[in-house]
Ligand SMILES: CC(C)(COP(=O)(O)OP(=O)(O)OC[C@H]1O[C@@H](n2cnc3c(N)ncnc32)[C@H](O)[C@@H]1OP(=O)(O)O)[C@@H](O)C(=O)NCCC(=O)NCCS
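Next up: just one chain, as structure tokens, the form predicted on its own.
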Amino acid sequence: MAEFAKGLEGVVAAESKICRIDGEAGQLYYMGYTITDLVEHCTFEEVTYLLLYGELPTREQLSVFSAKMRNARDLPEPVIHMIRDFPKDAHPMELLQSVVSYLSSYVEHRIHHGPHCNCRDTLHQIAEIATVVATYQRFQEGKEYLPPRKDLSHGANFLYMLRGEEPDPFEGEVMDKALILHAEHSFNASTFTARVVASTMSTCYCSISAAVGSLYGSLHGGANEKVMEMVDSIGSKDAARDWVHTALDKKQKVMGMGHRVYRAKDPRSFVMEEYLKDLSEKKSDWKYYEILKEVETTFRERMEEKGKPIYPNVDFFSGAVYRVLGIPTKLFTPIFAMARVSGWLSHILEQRVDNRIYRPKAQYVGHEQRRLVPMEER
């Protein structure tokens, strides 16, 4: 009998070349490149290429890839109707999971003719998710479908579709870089879900749809939503210290603090913090930044007293960045999916190279053989 590990914690389930996390040092690498280098020098489209092909593109390769990805942004008319007709009170993640499955019927799958599908060629499952999320919000606001633009980066085009006007160049860049920060993070729950489904040789769309459902869970996606709920409940910088002390005294969780993997500050949180600072200065509104920094300082003081190395994760600042960009809170988790879909697809493709269907064992703790009691004796 193999050793029991609840939740598969600590179990090595596969080999991967995609992502490395150094939790002790607080470092994150995609295909060997640090996240800080990628954010500083690359676009989301470049990083997507890296995740799908294993190398950064040349100028010519990026030009071809970007054109293909941007040409895949528009939605088929039936999908637009599906988004418009989706129940108004339903969560957009439920819509996203449904739409990804629906989009599958608009592409020709080659999965059964070899270990690879043609996902690198279609790119619909990456490009169209941003369009779906923006279109959902437009319909919620009583606006019409706005076709995507091909001359804007992935992040800038998303803001354009949301707002109906081209975003400020800096805001478009921040949105694009935020997608890079969330694109990949090794064997988290949703990525593992995608690989499990892919291991059955199902389509990449089915795998991604399943991953969306996993991300929707309250223990996975949505942490930045909870951070902003916390910030809104605190209300002001002056109230933050007392709020944190009260929460910790009552043994309540301070959202956005700590991570299952990192024992140092999440490297992505440094980048998000700088973006929040820059956006706050640009808009002359420091409310969210000041509250979050006061929460971080107070929390760290309390943790240092106990000798606990707990620091902010990427979600601590990302929600505030999205809020300052004018994005509704209910879109935070769908935006997470918009970014992570590149990582999901990377793992799906890697899974198929040397595939073995996932089939872990369960440690049975139920009844031994029981006598079946006839109905009249029960």
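From 1 onward, residues are counted along the sequence shown. What you see is a predicted model; the values in this text were computed from it and never measured.
Omitted from view is the form predicted in complex with the ligand, to which the following refers.
Among residues of the shown chain, residue 310 is one whose heavy atoms approach the ligand to within 4.5 Å in the predicted bound form. The ligand in the predicted bound form comes within 4.5 Å of no heavy atom belonging to residue 124. Not displayed here, the ligand is kept clear of residue 291 by more than 4.5 Å at the level of heavy atoms in the predicted bound form.
The ligand in the predicted bound form is approached by residue 263, whose closest heavy atom lies within 4.5 angstroms of it. Proximity to the ligand in the predicted bound form, taken as heavy atoms within 4.5 Å, picks out 253 to 261 from the listed stretches 133 to 141, 167 to 175, 92 to 100, 253 to 261. Checking 201, 146, 248, 189 against the ligand in the predicted bound form, a heavy atom within 4.5 Å turns up for just one residue: 248. Though the ligand is absent from this view, in the predicted bound form it lies within 4.5 Å of a heavy atom of just one residue from 299, 158, 275, 205, which is 299.
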